[in-house]
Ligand SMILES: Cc1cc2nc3c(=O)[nH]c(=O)nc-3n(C[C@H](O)[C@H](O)[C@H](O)COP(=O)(O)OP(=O)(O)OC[C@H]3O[C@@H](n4cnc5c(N)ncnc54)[C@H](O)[C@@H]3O)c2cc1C
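As structure tokens, one chain now follows by itself in the form predicted on its own.
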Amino acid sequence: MANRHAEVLVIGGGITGASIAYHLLNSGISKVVLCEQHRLPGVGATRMSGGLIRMHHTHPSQMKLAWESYYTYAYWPEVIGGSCGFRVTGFAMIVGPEQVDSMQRNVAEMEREGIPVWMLTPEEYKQWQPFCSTERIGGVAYEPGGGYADPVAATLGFITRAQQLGLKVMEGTRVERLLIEQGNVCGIHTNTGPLFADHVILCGNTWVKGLLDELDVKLPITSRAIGVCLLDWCGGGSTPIWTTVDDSLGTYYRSNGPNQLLVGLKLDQENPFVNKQEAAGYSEMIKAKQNIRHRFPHVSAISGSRLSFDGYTPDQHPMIGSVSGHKNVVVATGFSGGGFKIAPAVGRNVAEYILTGNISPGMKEWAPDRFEKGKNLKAVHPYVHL
């Protein structure tokens, strides 16, 4: 039975599970097993993610974790080894005229954290991005160090480094239920048989919700479709396109090679069929194309799409921490479409909690039971969509 026992079982092989597994082993825990029911990095949000690297947020906890994570992405070859495909393009947060005051306050918060950022007027933005329209723009916050990375490469990079430190990976291993002895969780039962552990970390997207039914723990998490559309575009010349979250249009975009834009799709519908993988519909991509023409008037043909899903919480902030009544069961889920950029810091914080029992301030705010206690997180200086 010894080879079926681990100190920590990590369930879910996306960017969050990979980061947690790496940080556990890097912290000195030697017996860590990661289970993924599909081929790494799984079929959830990581595979589809646009990989935006930004620090601009409307809640300080997200801002701090994104800044803490930035070092890992920026110095990936030295910290992890290999490449995570990080491209420093600069990042722009765009808001409409009514949100400029909120933006000024959020930028001031970023400056207090030491994050390089400054605000631009629409006219100044036009000087730097001459191919873009300034329609609907009230203000722009620019981060020179922002950009995007490759979420699949980063996930596999974490896994490869963790395997060098002793991680055991079990692909094609589907968790069927938790194993409980005398009221305590002691492992999991899978399609490959039982696995026992001192700690179980559940970061398998919306599947986490079903696994906790046996403990009578109800997580308020909903599966939603998320996706991106690829559009041909050749108007930039040698001027790089800033990776952007455009609140005035309710979308995000970045370059995807020299003649293509990657644009976020508006897919707010619930998606209960989490195992069903589809491409985006034509009408959804047409809407995305029409919307982005308010910023890029000369986009042309639709070149493709990616579609997946992610777990969303009522306040669209993740749930990270122990499950009520079971300290050795930790969840890290409900990232609501924003897990990639904070994954290194989440992994580091969860590993520290497993190793020492210390809960970081960020983890306290994101406790899974905050909803039943009426402690939903709210944006301090909100925008329309963020």
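The first residue of the sequence shown is number 1, and the count goes up from there. Since the structure is predicted, the reported quantities are computational estimates derived from the model, not experimental observations.
Keep in mind the form predicted in complex with this ligand is missing from the figure; the text below concerns it.
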Close approach of G139 to this ligand in the predicted complex, 4.5 Å, heavy atom: no
If you check in the predicted complex, is S308 within 4.5 Å of this ligand, heavy atoms only? yes
This ligand contact at G339 in the predicted complex, heavy atom, 4.5 Å: yes
Whether P41 contacts this ligand in the predicted complex should be assessed with a 4.5 Å heavy atom distance threshold; does it? yes
In contact with this ligand in the predicted complex (heavy atoms, 4.5 Å), from 107-115, 220-228, 282-290, 124-132, is stretch 220-228
With this ligand left out of view, which of S69, T58, N349, Q37 would have a heavy atom within 4.5 Å of it in the predicted complex? Q37
Candidate from A45, V329, V33, M319 lying within 4.5 Å of this ligand in the predicted complex - any heavy atom: A45
Site test, G13, G50 and T173 vs this ligand in the predicted complex, non-hydrogen atom cutoff 4.5 Å: yes
Sequence-ordered residues of 238-257 touching this ligand in the predicted complex, heavy atom within 4.5 Å: Y252
